[in-house]
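Let us start with two forms of the same protein chain, each given on its own as structure tokens and named structure 1 and structure 2.
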Structure 1
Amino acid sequence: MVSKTEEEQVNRLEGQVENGGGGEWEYLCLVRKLKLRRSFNVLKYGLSILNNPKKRSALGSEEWTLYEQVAIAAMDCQRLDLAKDFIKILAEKFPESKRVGRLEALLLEAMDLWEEAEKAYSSLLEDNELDPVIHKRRVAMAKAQGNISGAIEWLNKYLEIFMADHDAWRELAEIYVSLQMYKQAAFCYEELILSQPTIPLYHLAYADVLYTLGGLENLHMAKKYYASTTDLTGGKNTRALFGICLCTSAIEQLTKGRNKDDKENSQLASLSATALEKDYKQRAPNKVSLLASTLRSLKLSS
């Protein structure tokens, strides 16, 4: 994730280049280092260097890195003619390169030649079946074609090999949620919490899924994870505070006062309601009355 300082540095360099102060190469290097996707500017500034023989020769071996960077940006900007030309230059320079082979497959994707792209990726995987980039491209291709079941299949296969990829687990969880496959989504969030227990986003998403599944056991678990979210965020997550209130209300309706933890539940809900009221008074004072009405409907009050 890009820090505020890094983002300011990129924006400063961008402004410098736009105002004729130079720094195109420094900008391109920083964007590549931070893995930012600013394709229009990368294409614009990259071409200004590549089309200038003096500037291009000054790069030395970095010239080929720039060709790769600009080729990808050209595909993003639908300048497939430029991308094709640059990939051809790279293929001539590095005829047996698997890295160039990935670019060629990526170009086939950009041209909507899905079958040819799949064949290209399959061929590359024969040489290195543990290439994570190619596995991820297969997921991306399935999603681009609207083949969600295919995306799920490829993601699961990918996670069998790269089980520690948190972004992949999260992507799979979000796909399952979009398909209302909540039990499968819950499993994904459990994996994320086990590997990164201090990230409140995963606790919150897991609680949301459990609350949606419903049932007394799931509601109790959802409440615990909403509570852990508030703990990890210093009590400042509005969604988690509402979640505690909603879970408490739903549990009371299901147990009809027979719950042995009634006192504890009511205390936690009361604390959450108080925190919500304080938050609303500070950030949305015109909606405090609406909050009060909502809490009354849940038979809760601060």
Structure 2
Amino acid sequence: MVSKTEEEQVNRLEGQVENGGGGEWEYLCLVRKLKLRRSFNVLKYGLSILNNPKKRSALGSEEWTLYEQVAIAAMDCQRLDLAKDFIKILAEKFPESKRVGRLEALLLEAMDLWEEAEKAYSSLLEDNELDPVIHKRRVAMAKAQGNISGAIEWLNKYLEIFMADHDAWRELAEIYVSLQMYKQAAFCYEELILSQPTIPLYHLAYADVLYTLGGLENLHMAKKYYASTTDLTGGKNTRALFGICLCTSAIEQLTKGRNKDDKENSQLASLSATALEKDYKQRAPNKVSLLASTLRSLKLSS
């Protein structure tokens, strides 16, 4: 998971490279560190370094890490010819390497040779049963073949062993959402909030799922979590502010004003509405009237 500043940093570097200002190596390192998937650029910039003997030798031992990174990017861009070349170079440098073995299996995946890839991974697992990367590739392979229930099964197995892998919980939640299994998705976000209660993204996602599930109790909970998101983000999260307005409107519709907490209910909503209006005036002035009519249709203009 990447923060806004980190993403801006990467984009800035990207712009710098595209404009001829250099910085390819910094970009590649940052992308690797943040585990981003920017395969076009990784391939492009990586090749510019690898194909230049001077630049390549300047890397020293990092050269091999770069080969690995670019090989994976090449596979993602369906440049299997390049990937094969790089993997060959790595295999010659590091014979019997498990890390290279994983790349070879990945290449099999890229060629849609699923059975062979599965065999390769299984044999790699024999020596190292608890390799998280291989377990995750199993999930990815199931997903790639359209076997979503298989992916869920593998992912749940993975999480039984690696229950602190937050990205895996998020992946599982997203798979559940894609299948409209909202209760299960909610459970995943609950786990995430329990282990990392100060990350607003989880509160927001949980609230979105609760709202989608619907029903008065879930709407009240969703509102709470939109509120906590707002709290954790200093009121700057547009989605959470909208969420508060949506919940208030939906709750009002369901209870038809029978609820005695009405005043407090609407106070939070009008605060959110005001915050949204202020933000739109500043950053999206041509959409201010659209916002106003949206809030009006939710019966919430301040």
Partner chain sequence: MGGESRYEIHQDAYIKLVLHAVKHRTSSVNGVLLGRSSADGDSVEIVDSVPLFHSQIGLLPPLEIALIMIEEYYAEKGLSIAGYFHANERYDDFELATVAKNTGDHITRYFPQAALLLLDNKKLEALPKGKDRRPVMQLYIKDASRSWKLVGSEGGNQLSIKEPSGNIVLLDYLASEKWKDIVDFDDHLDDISKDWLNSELFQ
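As the structure is a prediction and not an experimental result, all values here were calculated from the model. Just so we're on the same page, residue numbers count up from 1 along structure 1's sequence.
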Q) Quick one, which of these two is the form predicted in complex with its partner chain? A) 2
Q | Pivot point of the rigid parts between the two structures (hinge, one of Glu191, Asn156, Leu106, His135) | A | His135
Q) Whole degrees only: how far is the smaller rigid part turned between the two structures? A) 18
